[in-house]
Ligand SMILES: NC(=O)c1ccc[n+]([C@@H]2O[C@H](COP(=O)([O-])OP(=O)(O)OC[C@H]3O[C@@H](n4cnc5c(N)ncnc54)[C@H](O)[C@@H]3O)[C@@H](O)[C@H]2O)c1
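In structure tokens, the next block holds one chain alone, the form predicted alone.
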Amino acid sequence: MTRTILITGGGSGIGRATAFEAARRGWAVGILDRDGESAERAAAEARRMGARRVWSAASDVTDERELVDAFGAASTALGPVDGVTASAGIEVNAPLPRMSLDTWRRVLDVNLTGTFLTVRTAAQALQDAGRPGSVVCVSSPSAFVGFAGGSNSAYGASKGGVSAFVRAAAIDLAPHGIRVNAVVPGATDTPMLYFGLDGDELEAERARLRDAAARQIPLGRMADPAEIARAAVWLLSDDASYVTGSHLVCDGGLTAKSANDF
């Protein structure tokens, strides 16, 4: 069955890869991103890959009115939306004693409140249209375990909130035929991992992360964004028609592994 899906954070990373995976299936794809030019570039590529219809716009998931307007425009351009991926997110790391309140609020505003607004807007649109649907959120292993490197309190708290929200939203929306699930990507080779780096610094960080992945992740490598995208698209599809309130962990075995080596 073809789908019409809308993706926040679709201009890069996992969101972009999800748009491309949906395009390969011939689905209609709407791409939202705070960076409108990135959204437009991703839309052009999705069109080339075979998407049935494509639409894109600049939109900030923390702006309620902007998000509602974007959903309305997407439905006009693509037809009724029946699948949504909430993948817009940021990661800002700092040791807890030096974590500023502004940084804490910004990370939770984008990652948790932005997910809430996206899911609520999707649910309202689906109910108004009298349609079932599927919503996929993006959580993280940091929702369940503390990262050994530390400095992850804001991001971990935001993703822990996303995971709790997914379970609660799934119960609220099940009577309306709306499924809510999460993918849980581990270390994934996306621009967010290298934010603010370029040149020699970028290459050095890539090398460091590849080495860390080889040592610490049971499968011995980082994920390609396309691998996470395939999991998200499965949750959006009818193949997952009896799955709701669940987490699909795609982390190469990272959270299954104990740090103890004795």
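Numbering starts at 1 and follows the sequence shown. Just so you know, these numbers come straight off a predicted model, no measurement behind them.
Note that the form predicted in complex with the ligand isn't included here; everything after this is about it.
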Worksheet item: Closest heavy atom of residue 227 to the ligand in the predicted bound form, within 4.5 Å or not?
Response: no
Discussion item. Does any part of residue 13 reach within 4.5 Å of the ligand in the predicted bound form? Heavy atoms only, please.
Written reply: yes
Item to complete: Using the partner position in the predicted bound form, report whether residue 154 sits within 4.5 Å of the ligand, counting heavy atoms only.
Response: no
Worksheet item: Even though the ligand is not shown here, does residue 60 get within 4.5 Å of it in the predicted bound form, heavy atoms only?
Response: yes
Practice prompt. Answer with one of 123, 117, 110, 81: the residue that has a non-hydrogen atom within 4.5 Å of the ligand in the predicted bound form.
Written response: 110
Practice prompt. Could you work out which of 73, 192, 164, 129 is the residue within 4.5 angstroms of the ligand in the predicted bound form, going by heavy atoms?
Written response: 192
Worksheet item: Thinking of the ligand in the predicted bound form, which stretch from 26-34, 44-52, 229-237, 210-218 has heavy atoms inside 4.5 Å of it?
Response: 26-34
Worksheet item: Who in 61-93 is close to the ligand in the predicted bound form, meaning a heavy atom within 4.5 Å?
Response: 61, 62, 87, 88, 89, 90
